[in-house]
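We begin with a single chain expressed as structure tokens, specifically the form predicted alone.
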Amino acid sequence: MPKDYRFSHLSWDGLQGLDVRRKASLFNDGGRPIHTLVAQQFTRGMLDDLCGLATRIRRIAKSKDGMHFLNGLLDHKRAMLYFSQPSTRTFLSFYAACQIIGIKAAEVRDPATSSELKGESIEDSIRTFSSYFDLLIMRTPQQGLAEHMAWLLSNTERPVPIINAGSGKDQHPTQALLDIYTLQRSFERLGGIDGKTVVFVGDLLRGRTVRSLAWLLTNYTDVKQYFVAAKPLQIGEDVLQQLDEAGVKYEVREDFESVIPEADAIYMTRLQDEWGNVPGAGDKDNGTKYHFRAEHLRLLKRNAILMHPLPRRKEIAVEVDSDPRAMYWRQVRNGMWIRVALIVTTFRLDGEVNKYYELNLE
């Protein structure tokens, strides 16, 4: 992090009073993230750079010498994975990402094992972590906590970077990054993401992955978005307002099957009932009318893809897994590589990776 970087000119209330895009710009420096907190901080150029870097890193990692190079990039750094909300893929992909680039990682996954059980505030716990570690990766059910801690730490003598690995029902920026990376790799021979139609299905009201990805897609040209859900679970008006301001084409629908033939990518989601019940939302399976079944494959374009942030319930039939258009298992692996690229870029070592790649693989 740049030594002169601070939010000192803004109070917390002042920061919160800014338009989200103006606020997001404060989280970057020179086209690189200082903290990774919201999807709105990523420009098209930043996305292209991160995706390109992730691909170069995974190619470097194919050889023993390449892995030795990667392992030495950040072997002098330490990371705390503070995951106070249950997670499998996000936690493990960050943990694996740290291992690839040599970061020593520690974890707190249950606040009951920390001094929070004794009454210590979350803020004091996280500031304690910043005394021991050079990077904080946070997943929390508390909306806005990662952003608040980034502001707080940026006004201390140890302003370590924070990566938001999921905050409340609001944002999950690194999931959106891996989704963009998956879309880019899937369509790299088909003109890229520009001009594609992306269909979001399921619990769109509380799905923070959808909120983050819908915004990132505004960085691309002529992308149309469909939001398909039961009325009680439909996408929030705040998201639609942002899309309106960005001049993005979208439609809000309830009928799923009629949209399948138009889709270049279908993004399925599960019912987010850990946030409580929504009146009229249907049963625990989110209603079978919003499930992708094997018979739907015949409606799907030959070059379309099917995505899911996982975990799934019954939103996608297991019979679909073997179809080459099913991308959700590739999403999992893509998540590890894009998170490696994000951490490398945060510590401003992307130039070293690019130089190694040019000398050894081009």
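Note that the structure is predicted; figures quoted are calculated from it, not measured. Quick note: we count residues from 1 along the sequence shown, nothing fancier.
Beyond the structure shown, there is the form predicted together with ligand NCD, which is absent from this document and is the topic of what follows.
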Open item on the list: I'd like to know if R253 sits close to ligand NCD in the predicted complex, meaning any non-hydrogen atom pair within 4.5 angstroms.
Closed with: no
Open item on the list: Under a 4.5 Å heavy atom criterion, is R89 part of the interface with ligand NCD in the predicted complex?
Closed with: yes
TODO: Give a yes/no on whether N164 approaches ligand NCD to within 4.5 Å in the predicted complex, heavy atoms considered.
DONE: no
TODO: Indicate whether G335 is a 4.5 Å heavy atom neighbour of ligand NCD in the predicted complex.
DONE: no
- [ ] Could you work out which of R270, H291, H148, K196 is the residue within 4.5 angstroms of ligand NCD in the predicted complex, going by heavy atoms?
- [x] R270
Task: Residue (of I60, L306, L53, L310) lying close to ligand NCD in the predicted complex, criterion heavy atoms within 4.5 Å - done: L310
Open item on the list: Tell me which stretch of 255-263, 201-209, 140-148, 230-238 has a heavy atom within 4.5 angstroms of ligand NCD in the predicted complex.
Closed with: 201-209
